[in-house]
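First, one chain by itself in structure tokens, the form predicted alone.
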């Protein structure tokens, strides 16, 4: 049977998201936390598992988790929707606000899922190059947005893979437009301390996504959430699959929110190590790190990036090779890990 007639022509050139995992000792390629669940939470989870009814569907609204988030963020439950990772929620946003005249816009380089999810949702997508400081170009953005009737703008804040926070003035200019919804992905908020959460009252068109995959160390359980105007949340719930977050993930995230002291300890160490590794990179000849507010550092090399990537891998350290023509030429990205992991990376880089 020929399956070709059933396939979507617009997905022909779409390559599935995939990151290779060659053998390694230090995993520093995916911006994950180097810290697993603390022992006390593992113990609580172990006890709670005995009480879980696996034959029953999970809470479809994740009410306990949303209540914890409301208390921490000081927002109403009607302003929060929880998802199976923020990727799912970004995809839901595109589905909910997909119209024939809509255009998805994002800076480049940035989080690759913005473009992938737009293509899957069959929405026109345009990437606008960042300036030489890896910031938004307000004039270019204005000209682009003026040419469209409905704009869906996606910004990572801080941006991945550059690690930079975009100009808040430039973001506010975009938010001030009546023809634009802005989704601000604050996946790395805990590392940067910068957020536009307080701007939501002024801009009801601002949608903020956050995740438990980075600072909280729950990448394996896929928990994310949206904070937005209740009308936007209502639309997201229309396209969100029922029971989209399993019982175990809801429970683990709720328990983690009750341990802010442990998160603070981990964040302090990662920020300290980020500064130390950045300064060490600057001292290595032929290595040029870019300032960052996230838990990773983008750096450029004089040597071909594939050669540096392989040298590090031979040393047991897996980083992300971002080498491509343009601003990421000969660039790689290292996720900040434990002091031991970071020393192993620096040793491999020094050769």
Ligand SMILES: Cc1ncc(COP(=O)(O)O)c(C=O)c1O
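All figures in this text were calculated on a predicted structure; none of them were measured in a lab. Numbering follows the first chain given and starts at 1.
In what follows, reference is made to the form predicted together with the ligand, a form of this protein that is not presented.
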{"item": "Heavy atom contact within 4.5 Å of the ligand in the model of the complex, the stretch among 239 to 247, 72 to 80, 181 to 189, 253 to 261", "value": "181 to 189"}
{"item": "In the model of the complex, the residue from 151, 92, 165, 160 that sits within 4.5 Å of the ligand by heavy atoms", "value": "160"}
{"item": "In the model of the complex, the residue from 200, 144, 222, 266 that sits within 4.5 Å of the ligand by heavy atoms", "value": "222"}
{"item": "4.5 Å heavy atom contact, residue 213 to the ligand in the model of the complex", "value": "yes"}
{"item": "The ligand contact at residue 86 in the model of the complex, heavy atom, 4.5 Å", "value": "yes"}
{"item": "Partner proximity in the model of the complex: residue 111 to the ligand, non-hydrogen atom cutoff 4.5 Å", "value": "yes"}
{"item": "Partner contacts for 136 to 158, taking the ligand in the model of the complex and a 4.5 Å heavy atom cut-off", "value": "156"}
